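Let's start with one chain on its own, the form predicted alone, as structure tokens.
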């Protein structure tokens, strides 16, 4: 093999080895476990059967959690998109010397543990939390409201975690738009709204689609906000996997649910790549 052919692989070998050991092999173990059996004594028996997958679809309880996960993920994507495009566009158009500081504030939540950020909502939304205390103080309510342990609280925790991803994806896409195109649109008689609608918005769609895909995948796979902020009826698929693997030590069934979730997210990513093209995301990040 020529030197120029093996050099890239030699440089990539540490990263490829890490991916193989930390991602590919564990996923393969999960796939294998999903076909095994769990004995009444709790022991795991090597086998090849589809009983774990049949168990998931035979009981409507499990698919209902999967559908709830998809619904909550779509709602989270929609809210993050609405709440994320405006600040991203503001950062893009801003000429203030504080622009970099404002962008840094978007990254500031990543400096704090995700667990701490999620649990902080208890001090805000709890019956003795800040919001209820404020409403009682100014006389709007006469008794504390039940703001925790429902779907709305879960969405708040998810949006707090995922909104920066949406903002940064859209911002990078907006920054890659050639400003000469906007000037050309204005020179042809477009006002600000028309230039935004005809030029800026269509060219920012790769960043929008990248942010939506990322938010959906991360929402579908997270378990912390539903576990801390959700009630008994707000369990998501990741919580179900956690309870089966850690709570009941049912590794085969928990692995089967994990494979189902993996197939679902893989299908979504494949569909996205088939009709929109993941390459468009990379073009947006390159600024083309």
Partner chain sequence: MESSQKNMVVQLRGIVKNFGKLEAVKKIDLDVEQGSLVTLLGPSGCGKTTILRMIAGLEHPTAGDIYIKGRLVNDIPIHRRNLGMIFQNYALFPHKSIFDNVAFGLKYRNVSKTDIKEKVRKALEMVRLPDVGDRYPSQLSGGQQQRIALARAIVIEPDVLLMDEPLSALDENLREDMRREIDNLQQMLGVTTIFVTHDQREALSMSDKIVVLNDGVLQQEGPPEDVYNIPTNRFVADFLGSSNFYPGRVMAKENGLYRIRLETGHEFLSNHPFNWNQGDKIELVIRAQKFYVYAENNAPDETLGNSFKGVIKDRSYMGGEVSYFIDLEGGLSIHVISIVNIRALKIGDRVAVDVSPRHCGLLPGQHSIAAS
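Positions refer to the first chain, counted from 1. Owing to the predicted nature of the structure, the values given are computational and were not obtained by experimental measurement.
The same protein also has a form predicted together with its partner chain, omitted here; what follows describes it.
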Contact stretch among 80 to 88, 119 to 127, 193 to 201, 101 to 109 - heavy atom within 4.5 Å of its partner chain in the model of the complex: 193 to 201
Contact flag, residue 180 vs its partner chain in the model of the complex, heavy atom cut 4.5 Å: yes
Its partner chain contact at residue 133 in the model of the complex, heavy atom, 4.5 Å: no
4.5 Å heavy atom contact, residue 187 and its partner chain in the model of the complex: yes
